[in-house]
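Heads up, the chain below is alone and in the form predicted on its own; it's given as structure tokens.
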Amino acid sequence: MSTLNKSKFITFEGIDGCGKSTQVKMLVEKLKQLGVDVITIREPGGTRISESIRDILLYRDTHELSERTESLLMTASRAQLTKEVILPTLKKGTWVIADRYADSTLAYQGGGREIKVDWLEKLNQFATYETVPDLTFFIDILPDEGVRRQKTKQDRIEQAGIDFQKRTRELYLKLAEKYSNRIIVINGQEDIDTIHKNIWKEFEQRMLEK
């Protein structure tokens, strides 16, 4: 359990409606019970500038945004968040749990918007100061289930449609295969408590036994 004293960067990924935000809260609560100093962040957002970019990306009437502009804004928000929050927090020994990070750009803009992933990977490296999460949980659900679960008003990206979500999921699965040492695929079709138990089991094996 001594590894709990060393700061870690853990991210959660998945298509819209997968339930990752709920699982972020549950993991953070568990870690706090164990005495871990931890913060949560979300993307896009997390700083004054990043939240302004989030507003443009998700909530304003900005449907004319091109795919490239969307990618650049996403990574601009990430660059500010990494510089202002993530790196200083990890440096002082505090854990960071992120609701989305760099993999989201590869999946959503690479898969969903069909932009070249190689180009996006280079853009991500620049925006993140080459920061890579210690562990990533990909909460996998079928796109139809994701749409069914969305009960609130959809944001601009959620409105992109089921085919967009299918392409995004397919890219996530490719990333999970490519980076299997970091990305853990979790069955998001299970109930909330079962998903949490499965996440904690993987977490213990990878984070507490090193």
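One-based numbering along the sequence shown. The model shown is predicted, which means the values in this text are computed figures rather than measured ones.
We do not show the form predicted together with a small molecule, though everything after this point is about it.
149 is the sole member of 174, 149, 182, 166 with a non-hydrogen atom lying within 4.5 angstroms of the small molecule in the predicted bound form. Contact annotation: residue 199 falls outside 4.5 Å of the small molecule in the predicted bound form, judged by heavy atom distances.
Taking the partner from elsewhere, residue 18 is found to have a heavy atom lying within 4.5 Å of the small molecule in the predicted bound form.
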